[in-house]
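Here's a solo chain for you in structure tokens, the form predicted on its own.
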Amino acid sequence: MIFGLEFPPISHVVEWPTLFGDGAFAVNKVVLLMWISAAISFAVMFIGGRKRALVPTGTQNVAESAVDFIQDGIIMETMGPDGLKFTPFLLTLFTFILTCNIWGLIPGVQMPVNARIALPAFLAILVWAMYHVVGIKSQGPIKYFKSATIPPGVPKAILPLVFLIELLGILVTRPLSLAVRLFANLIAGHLLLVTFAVLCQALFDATKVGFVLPFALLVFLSAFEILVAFLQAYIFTILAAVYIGGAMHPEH
């Protein structure tokens, strides 16, 4: 209770009752939104890919724009032409994460799926496994881990320290930072929107006028969260591309 305003506890904002199922297989609102996000991402790309119009419109235009963005804005900038074979993987990452993020701004839903740590952690582990598999396949296990943990030109005196730091980075820090960055930004934005929504409702009930400024800020923050939803999907995807590209092309 702050200045007569009662804010819901965080557990009420990020935890949802089970819709069906039990235990580890229980399905709640967040899980359902995750499934819907996967279905939407698949449907957009499937429907857009089926059309072969010379001048793309509608779903085809969305799908082709997404592909061009991933290839030109991410792959060619970080991986080079050799990375174009990873277009399906990176495109799926980007569209799925973006769709999951946008739910936080949909009236009546208002819960970004990535505001729960489980999905960002799973996606980070998926990227972690991908760049290790690519690195081992491209270079062989010994050469890959050597190139990933021993940068060229490092003085021998500090080589053991650098080796430990780099090893910790490829095994722990990278996936951890991927997951936490996505989760933290989405949960922070979600809590901020909830706070201003509660503030607007309380001031409207109390004064009928004092809610105007908080409401204007709420509208601004909602628009800003659209940018955050896109930006976090982009950052996650481009970092995944950087890690995979680094595993494909060792430093010389």
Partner chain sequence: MLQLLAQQDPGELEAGLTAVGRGIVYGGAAIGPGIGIGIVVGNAITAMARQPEAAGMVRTTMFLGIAFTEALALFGFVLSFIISG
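This one's a predicted model, so the numbers in the text were calculated from it and none came from an experiment. Numbering follows the first chain given and starts at 1.
What follows is about the form predicted together with its partner chain, which we do not show.
Undergrad: So which of 103-111, 142-150, 173-181, 80-88 is the stretch with heavy atoms within 4.5 Å of its partner chain in the predicted complex?
TA: After filtering at 4.5 Å, what remains is 173-181.
Undergrad: Is every one of Val62, Ala66 and Ala124 within 4.5 Å of its partner chain in the predicted complex, counting heavy atoms?
TA: No, none of Val62, Ala66 and Ala124 comes within 4.5 Å of its partner chain in the predicted complex.
Undergrad: Since exactly one of Leu32, Ala188, Ile47, Val212 fits, which has a heavy atom within 4.5 Å of its partner chain in the predicted complex?
TA: None of the others qualify; the residue that does is Ala188.
Undergrad: Is Leu231 close to its partner chain in the predicted complex, meaning a heavy atom pair under 4.5 Å apart or at it?
TA: Yes, Leu231 is a contact residue.
Undergrad: Since only the chain is shown here, I'm wondering whether Leu19 would be in contact with its partner chain in the predicted complex (any heavy atom pair within 4.5 Å).
TA: No, Leu19 sits far enough from its partner chain in the predicted complex that none of its heavy atoms falls within 4.5 Å.
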